[in-house]
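Below are two forms of the same protein chain, given as structure tokens: structure 1, then structure 2.
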Structure 1
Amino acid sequence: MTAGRTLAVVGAGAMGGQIAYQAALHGYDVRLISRSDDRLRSASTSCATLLRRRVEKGTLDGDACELTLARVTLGSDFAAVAGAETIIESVAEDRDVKREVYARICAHSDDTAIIGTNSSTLPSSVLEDAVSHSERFLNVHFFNPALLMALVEVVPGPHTSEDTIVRAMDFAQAIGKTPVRLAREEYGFIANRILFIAIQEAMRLVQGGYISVEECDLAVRKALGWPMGPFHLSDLVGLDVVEAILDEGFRQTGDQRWEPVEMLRDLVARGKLGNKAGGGFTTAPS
């Protein structure tokens, strides 16, 4: 494989799979690693479908599509990270799970390989003791769906070297993304920090009786240009996920603005998790 054009992605969920194929689309040889054969098959099938749909629409050449698919190697052996210049971890937002994954990565990776976590809630500084040569470790945060969303947030920790930051920025640009660099860690980084604080404010307005869920969503869509309002979006994301993100923000910052409002706590406690289960702010119970 060509030096400097190799990527290993650990975790084959919706994000990891699309990150892998986005890089392959831009000429990288990619090793997509997961302990779940089902997840690997699902990632391969879903990304192939998305890319072939572009061929049908005339936005991607058929030969380029098939070359992209061929550049991704699927497997469960962490030894496949050896030789990759860039490694992206995209597993569950669980500190213990991530620490176990980093131990496996560091057992096989080149010492000069940069390691980026795609975590949206855990800054690299809370995990850096699990990574050997932690100066090469930072957050490289993609947005879902990674094959479409342009932004990548590059977030260094106090331990991250300048060379690592530059290489992460260069990598994101090389795979067709627009990277933005934070000067230092902050919970929620940029986009999610703004988004979830805004969602909290919307919930406070409704909880306080100032406006209805429907009217608040309408106001945000019409005035701020959001494609969907904060309550519709929360139902789509999953109210349990929204609660967990807010709880982690409160845990890390101690800022009361992050503490989930009572109406959200109540819905989650009653199993009303949004679109996926039980109904939510805008969805009827299934």
Structure 2
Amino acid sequence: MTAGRTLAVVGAGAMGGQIAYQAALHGYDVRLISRSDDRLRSASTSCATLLRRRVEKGTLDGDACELTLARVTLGSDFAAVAGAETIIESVAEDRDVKREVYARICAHSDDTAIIGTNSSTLPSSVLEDAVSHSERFLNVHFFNPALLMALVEVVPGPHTSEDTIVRAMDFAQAIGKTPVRLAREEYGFIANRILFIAIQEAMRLVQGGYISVEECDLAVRKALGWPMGPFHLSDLVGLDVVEAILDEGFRQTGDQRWEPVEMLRDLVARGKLGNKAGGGFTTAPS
């Protein structure tokens, strides 16, 4: 338990919400900031449901659960980042949106705060000019679902100080995660670089008529020990997110392995985004 520490999370989507509650679970006072009341409500409701289910299953103490929920303050005012020694940005993967968010964060943040972007596609070096003290800025990349997945990738840019890297590693550990430190930026970092090329290969096999979606998922689970197959996982991550990660990978590396396959493009174009909307490879339309 880490008493007396404060985290601000900006962005209350699926990732930001769970990062906030994960930190609260480990004793942090958390300010969760979003311009959308709906997102804030949905993050707090879904995380409360997930944590209370742990209480029912006996894996989390009831009082600890209620204390955790009470440690998260919801709001839209960026002034709430003042006093936070760690700030995690987890807004849309859009450079302009992120730049605007950094301007607002930097207007209120403490001079010593570190800022971690949860971006999976934008290395901090392409955004660092939007941050006042870029020596305290880097990628701190979580995995979906963030309340469960242990890994956090800590990725410094050339501008990031050693002290910031150490603090980001300590923060990830303090909230119960297993951090890995990259030496330098590389598209996809570690896990996504391996995962998304594998997902593309799975899609190519299905698109080529070699196997069905269901049997490919079964094969990968049974042969490689993945907890869910590549199609089930793509539906969890969101097909629009999968497409965006692949598109950006192609743009940044020029390597054709990243170029999204036709069947993925087609599903996204038809509004089939996976679990969150419209259904996907393995889920029915919502």
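The first residue in the sequence of structure 1 is number 1, and each one after it adds one. If you superpose the two forms and keep the largest set of C-alpha atoms that fall within 1.5 Å, you have the rigid core. Just so we're clear, the structure is a prediction, and the values are computed from it rather than from any experiment.
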### Query
Of structures 1 and 2, which one represents the form predicted on its own?
1
### Query
With the chain broken into two rigid parts between structure 1 and structure 2, is Arg31 in the part that holds Asn144?
yes
### Message
Angle of the smaller rigid domain relative to the larger one between structure 1 and structure 2, in °, please.
### Response
18
## Note on the structure
Ala198: Cα shift between structure 1 and structure 2 after core superposition, Å, came to 2.6
